[in-house]
Ligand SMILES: CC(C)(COP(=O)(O)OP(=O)(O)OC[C@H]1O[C@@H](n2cnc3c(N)ncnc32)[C@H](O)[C@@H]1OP(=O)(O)O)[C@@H](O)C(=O)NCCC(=O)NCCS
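Have a look below at one chain only, the form predicted alone, in structure tokens format.
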Amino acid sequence: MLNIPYDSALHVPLPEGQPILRTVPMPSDTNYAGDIFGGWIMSQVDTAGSIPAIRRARGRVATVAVNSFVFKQPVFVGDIVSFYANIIKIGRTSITVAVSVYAQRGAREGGEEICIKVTEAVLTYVAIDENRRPRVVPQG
């Protein structure tokens, strides 16, 4: 059984609706201290954020800015990590997306499953054409 500290004040429910992405980190995703490497989380957040941006842009997008990124709690091997993403702003060529990340843990150890918000981020994507140049985001 893992010795993971439990703070009931951190326990939150998952948001309503389906996550845009859900995955389980593996031992190869850990840093030197044994927690999930922040770069792995950042990569997954970028992927999750790009999905609603691609849909809204009706085509290819490129990440142009990470406006904010906050690691609130560590992620551990075996956590079920859920990524929720929603568009918060649409510009002429850009789309800004907020991503919230939750970890569900404990069930595989036979204990009570808990859910913790582990990361939140805001990223901006730009719609691009076949020549990788910015293009106007289509209306509605």
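All residue numbers are counted from 1 along the displayed sequence. The model shown is predicted, which means the values in this text are computed figures rather than measured ones.
Quick note: we don't show the form predicted in complex with this ligand, though the next part is all about it.
Asks: Does the 4.5 Å heavy atom contact test between I128 and this ligand in the predicted bound form come out positive?
Replies: Yes - in the predicted bound form, heavy atoms of I128 and this ligand come within 4.5 Å of each other.
Asks: Decide whether T124 counts as a contact residue for this ligand in the predicted bound form under a heavy atom distance cut-off of 4.5 Å.
Replies: It does: once this ligand is placed as it appears in the predicted bound form, T124 has a heavy atom within 4.5 Å of it.
Asks: Does the 4.5 Å heavy atom contact test between G38 and this ligand in the predicted bound form come out positive?
Replies: No, no contact at 4.5 Å.
Asks: Residue-level contact is defined here as any heavy atom of the residue lying within 4.5 Å of this ligand in the predicted bound form; does S94 satisfy this criterion?
Replies: Within the cut-off, so yes.
Asks: Which pick from I114, I88, V77, A65 sits with a heavy atom within 4.5 Å of this ligand in the predicted bound form?
Replies: Flagged contact: A65.
Asks: Pick from 97-105, 55-63, 29-37, 69-77: which stretch has non-hydrogen atoms within 4.5 Å of this ligand in the predicted bound form?
Replies: It is the stretch 55-63.
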